[in-house]
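So this first bit is one chain, no partners, the form predicted on its own, shown in structure tokens.
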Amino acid sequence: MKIGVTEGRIPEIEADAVVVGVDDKGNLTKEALEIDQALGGKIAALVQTKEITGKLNELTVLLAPSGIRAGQVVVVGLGDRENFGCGQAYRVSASAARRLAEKKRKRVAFCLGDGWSEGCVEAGISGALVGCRGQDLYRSEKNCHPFDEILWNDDYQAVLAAGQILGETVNLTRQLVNEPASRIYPESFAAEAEKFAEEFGLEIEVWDQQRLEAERCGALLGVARGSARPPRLVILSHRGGAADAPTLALAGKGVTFDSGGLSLKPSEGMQAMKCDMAGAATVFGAMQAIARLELPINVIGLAGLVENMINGDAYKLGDVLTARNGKTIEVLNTDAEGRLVLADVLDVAVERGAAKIIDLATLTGACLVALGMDVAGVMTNDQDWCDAVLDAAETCGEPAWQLPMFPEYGELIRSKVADIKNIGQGRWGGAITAAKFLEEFVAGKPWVHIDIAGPAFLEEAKSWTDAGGTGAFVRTLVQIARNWQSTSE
């Protein structure tokens, strides 16, 4: 998609649609005022009669307005402008784009930059790219129609380019998540990584079954035993910093389909399980963005890729697996597989010299119970590192909430048969006991676990995005990488 800059007076822009904004106090942005004057005060009149309230993400469409060249005007609510940030910029632009993408449009002009920071402009552009793409990958008649061109009333070329990169990499993550498991499985997922690694200058290693066995990745291999699809571990490296500069590690769970194994899920619980690789897809999207933005830091992105399926060799309840770091694990639920995959991935990150680690996973239904569908759970062994991650998420407007990691939770995963077991005692505190399990494999390195089971995949569409994969936390990971750059200088 082409990203351009508006030129001349806004009423003179030749476009299928122009998007302008109004806040919740009825104040029109300068761009909206310019359009309003050309329309003889129609927008102001609608504000006066409360037909337009300016509520965040509210959309009002004026069709075929006389006095301007654009085919229609979309007035989007900006909400409280005193508390307007990158998250709101992303969503208002995405909401307008999603409405307009219901039909084919060649050119859409977003005239929303009145008083916006560079960060908000970047977020707005990325939101516009995300809003006009949907999950309709295999529909003969599409529900969403990406625009040929987006115009933005801002001439900061670096900001426009960065916004486009973020939008495209969020969409990459969304597409990977939305693909069916017959299309995205460990081998093909690794092949997708190889393609963009070559295109954007990332180093890549792909560990096949033989290498995984040689590397003693017994936890990951245990999960993979029941599938005809052999597992993979992908390691992407971006070396933008000095050779002796600290390395940031991003690790993702990549269960490309999760049947639950012998702890079989019911059919309704399996329907969306193509999304169980969203952690890995998020890492892939962020690594592509970091490479394309040419950030001067060292980052490695790791993804453990398996299917959790059933055959005669599937791992069983009561089995004891030996992880790469030598810890033994008693398996008491084969549907608690993601933590087993990440156990070996995290150990590789430690061995590769990571100074700090973040892992992302659609890990537990317990996190959904605790925080709902829109908020990620965050757990850590290092409060300063966690604060940095939460600050980045807040900057991007991606909701996250920290859960406690008291030592008592760690006692719940102690096994009488092995070193640890892969579930706690019953249903209680399941998101936290899963994190305590992962903590066993980071060797004391500063580490943050982000459980994205809720926000990574939507069953129903929101005003700003279609249902399916959301690309949540790609932007947060990139913001963390940018902040890492500034703290490492």
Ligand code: BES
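Throughout, we count residues from 1 along the sequence that is shown. Not measured: the values here are computed from a predicted model.
Just so it is clear, the following notes concern the form predicted together with this ligand, a form of the same protein that is not shown.
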Practice task
Mind telling me which stretch in 81-89, 182-190, 382-390, 355-363 gets its heavy atoms within 4.5 Å of this ligand in the model of the complex?
Solution key: 355-363
Practice task
Examine R339 and determine whether its closest non-hydrogen atom to this ligand in the model of the complex is within 4.5 angstroms.
Solution key: yes
Practice task
Check whether N325 has any heavy atom within 4.5 Å of a heavy atom of this ligand in the model of the complex, and answer yes or no.
Solution key: no
Practice task
State yes or no: in the model of the complex, is some non-hydrogen atom of D276 no more than 4.5 angstroms from a non-hydrogen atom of this ligand?
Solution key: yes
Handout entry: Close approach of L368 to this ligand in the model of the complex, 4.5 Å, heavy atom
Key = yes
Handout entry: this ligand in the model of the complex: contacted by all of K253, N333 and I423, heavy atom 4.5 Å
Key = yes
Handout entry: in the model of the complex, the residue from A453, I35, V448, V442 that sits within 4.5 Å of this ligand by heavy atoms
Key = A453
Completion exercise
Exactly one of E122, D344, E398, D258 comes within 4.5 Å of this ligand in the model of the complex through a heavy atom, and that residue is D258
Problem - Heavy atom within 4.5 Å of this ligand in the model of the complex - qualifying residues of 133-169 - result: none
